[in-house]
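Take a look at this single chain, the form predicted on its own, given in structure tokens.
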């Protein structure tokens, strides 16, 4: 079974699936091994690796460490064309449908496609929708796109439906790394009830309770990342996983 099909089955069985995002710039090699092992042991369903802007880290070396220590699917969450690796199982093949930057809608995809095929990693076609979140995020700045307003759910609904009609496998509702606030639950509910493809939600989710509300609102997959920049919060991985797995822990 393909990676994404399997993750959809996991989400259906558990009521939602939980992904932990690793940004190589904020998780150095010396501690990455232990972090990956902790993610796998504490109930997460997949690991995302990537960042909007990677400066100090060696992306390939980071993927090798993740691969060596993971029992979970490893999915690249690319911030640029340079974020590709043979050590990944799949890649979110992102099209920034909330913006109108042609390179991020289709242009970069043409360049990356032959390499992804050569690497034999599974592309997961993803309509990426960036929302306003209280401050300018790295994703917003680097993509040079305007975020969607959170007080106009009908705009998000129309974008998500267009993504479904164009054949995307999933849509990703993103507040952005370091967002002051997450995607409102009413937006998650409006989008997830309007389309027939899975919904990924990430950015600004800081508590298991918040994650659970988004699962209950219809999110198929929940992603957290920055919360674990503080090593004290690593102990929350299992709480987040249990919160998202609403069928198992109701």
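Numbering follows the first chain given and starts at 1. Computed from a prediction, not measured in an experiment: that's the story for all the values here.
As for the form predicted in complex with a small molecule, it is not shown, yet the points below apply to it.
Student: Given that the small molecule is left out here, which of 95, 145, 177, 85 has a heavy atom within 4.5 Å of it in the predicted complex?
Tutor: That would be 177.
Student: In the predicted complex, which of the listed residues (32, 223, 190, 195) lies with a heavy atom within 4.5 Å of the small molecule?
Tutor: Going through each option in turn, the one that passes is 223.
Student: For residue 204, is any heavy atom within 4.5 Å of the small molecule in the predicted complex, or not?
Tutor: Residue 204 belongs to the contact set for the small molecule.
Student: Can any non-hydrogen atom of residue 131 be found within 4.5 angstroms of the small molecule in the predicted complex?
Tutor: Taking the distances in the predicted complex, the answer for residue 131 is no, it never comes within 4.5 Å of the small molecule.
Student: With the partner left out of view, is residue 237 within 4.5 angstroms of the small molecule in the predicted complex by any non-hydrogen atom?
Tutor: Residue-level check for residue 237: no, no contact with the small molecule.
Student: Evaluate residue 21 for contact with the small molecule in the predicted complex, applying a 4.5 angstroms cut-off between non-hydrogen atoms, and reply yes or no.
Tutor: Although the small molecule is absent here, residue 21 would touch it in the predicted complex, with heavy atoms inside 4.5 Å.
Student: Which of these stretches, 65 to 73, 196 to 204, 38 to 46, 209 to 217, has heavy atoms within 4.5 Å of the small molecule in the predicted complex?
Tutor: Result for this chain: 196 to 204.
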